[in-house]
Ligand code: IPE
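There is one chain below, alone, in structure tokens, taken in the form predicted on its own.
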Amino acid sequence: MSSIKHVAIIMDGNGRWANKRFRPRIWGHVRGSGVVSDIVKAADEIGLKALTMYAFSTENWSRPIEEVSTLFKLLKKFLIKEKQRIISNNIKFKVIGEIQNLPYETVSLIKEMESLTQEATGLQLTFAFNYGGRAEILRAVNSFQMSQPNRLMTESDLNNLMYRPETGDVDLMIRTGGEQRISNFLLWQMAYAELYFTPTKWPDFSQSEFKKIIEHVSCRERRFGNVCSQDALEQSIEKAENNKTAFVKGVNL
């Protein structure tokens, strides 16, 4: 069985794909929107636990207003078009980020989809929209300080205050389009993620390539800081804490 349970994707290269064909950037986003449905379907078919897709970052507001408007419209179109398929496939849907800045109708559609799928037990599908990794961490820290000002925060506390803690850590992050950056995406959750950068631009990304990447990365040896690949991340962390405690006690004898 594959060790890859949670995949995160930066869907990059839409604008460059369109420019190469002497078309406006928004055409690339329109073509790329169709790929989203294909990849969600593939993720569901292969039994992933979670799929998180970076649709719009907090930095994307600096793009031309026409392009920003198109991205909003495509999100709305996806919610309407894929609603029944998401529900019938037992997919649990959520959007993370500062969605209060989105158009009212889009926010209403998001809330409706989240409500209709809140009891779903299949793929946990997340769109990061108007999202920034640093902002998510700051939001969690500030929330904790306000609610429990006299207690030190633990890793568990921070995990539980993330936008969607139930998806857990990211096992694999894929970025299309050839760039090799994580671009402020799921900074906390990707601490031990495998990274895969493909030159394929998002409108050309296929189910076949997606599955091949997961198969390839599944063969990597993931040690989580240990010398033995057989230990899971939780076991490795526990062993490290025990060894540290034993070492400190030995030094103080």
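Small disclaimer: the values here were computed from a predicted structure and weren't measured. Throughout, we count residues from 1 along the sequence that is shown.
Quick note: we don't show the form predicted together with the named molecule, though the next part is all about it.
Participant: Just to confirm, residue 60 within 4.5 Å of the named molecule in the predicted bound form by heavy atoms?
Facilitator: Taking the distances in the predicted bound form, the answer for residue 60 is yes, it comes within 4.5 Å of the named molecule.
Participant: Evaluate residue 186 for contact with the named molecule in the predicted bound form, applying a 4.5 angstroms cut-off between non-hydrogen atoms, and reply yes or no.
Facilitator: Looking in the predicted bound form, residue contacts with the named molecule do not include residue 186, since no heavy atom lies within 4.5 Å.
Participant: Residue 56: heavy atom within 4.5 Å of the named molecule in the predicted bound form?
Facilitator: Residue 56 belongs to the contact set for the named molecule.
Participant: With a cut-off of 4.5 Å between heavy atoms, is residue 31 one of the residues that contacts the named molecule in the predicted bound form?
Facilitator: Close contact is absent here: in the predicted bound form, residue 31 is far from the named molecule, nothing within 4.5 Å, heavy atoms only.
Participant: Okay, which stretch from 102-110, 164-172, 67-75, 83-91 lines the named molecule in the predicted bound form, with non-hydrogen atoms inside 4.5 Å?
Facilitator: Of the options given, it is 67-75.
Participant: Though the partner is not shown here, which residues of 10-35 have a heavy atom within 4.5 Å of the named molecule in the predicted bound form?
Facilitator: Contacting residues: 10, 11, 12, 13, 14, 15, 16, 25, 29.
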